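Here's a solo chain for you in structure tokens, the form predicted on its own.
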């Protein structure tokens, strides 16, 4: 399950950022994950919770926003959503496409609160 490795990397990055903003506590982490990354959000959240148990991130809430796969056709220049991974233009049937979104995996936002 690659979600565990991804969760560990998220924790590593967030812990480093949190150290830079001490004495604040991370309470929410928002991720943007593209459909093409093939991450199961519930599995990622489960792995994250297991990793952060008994750590300063224990109470942090992980939110996942799935970004749809969109592309533009390099032939007819129309934009469209790619569904079911059919990488051809629905307007002209060209396969000469440029993916615009749906392949990202990024920490979009961190929410902090002051430590008591």
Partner chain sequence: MSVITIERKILKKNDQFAMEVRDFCAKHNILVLNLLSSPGSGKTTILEKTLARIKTRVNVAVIEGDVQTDQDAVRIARQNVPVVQIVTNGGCHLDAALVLDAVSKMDLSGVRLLFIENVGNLVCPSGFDLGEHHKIVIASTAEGDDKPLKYPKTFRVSDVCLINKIDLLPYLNFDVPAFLANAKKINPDLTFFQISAQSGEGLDPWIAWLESRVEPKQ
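Keep in mind that what you see is a predicted model, and the values were worked out from it rather than measured. Positions refer to the first chain, counted from 1.
Although not depicted, the form predicted together with its partner chain is the subject of the following passage.
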*its partner chain: the contacting residue among 43, 51, 27, 72 in the predicted complex [heavy atom, 4.5 Å]*: 27
_So, residue 36 and its partner chain: in the predicted complex, are they within 4.5 Å at any heavy atom pair?_
yes
*Does residue 13 make contact with its partner chain in the predicted complex, using a 4.5 Å heavy atom cut-off?*
yes
*Using heavy atoms and a 4.5 Å limit, would one call residue 92 a contact residue for its partner chain in the predicted complex?*
no
*asked:* Taking any heavy atom pair closer than or equal to 4.5 Å as contact, tell me whether residue 31 reaches its partner chain in the predicted complex.
replied: yes
*Contact set, 91 to 108 vs its partner chain in the predicted complex - heavy atom within 4.5 angstroms*: 95, 99, 103, 105, 106, 107, 108
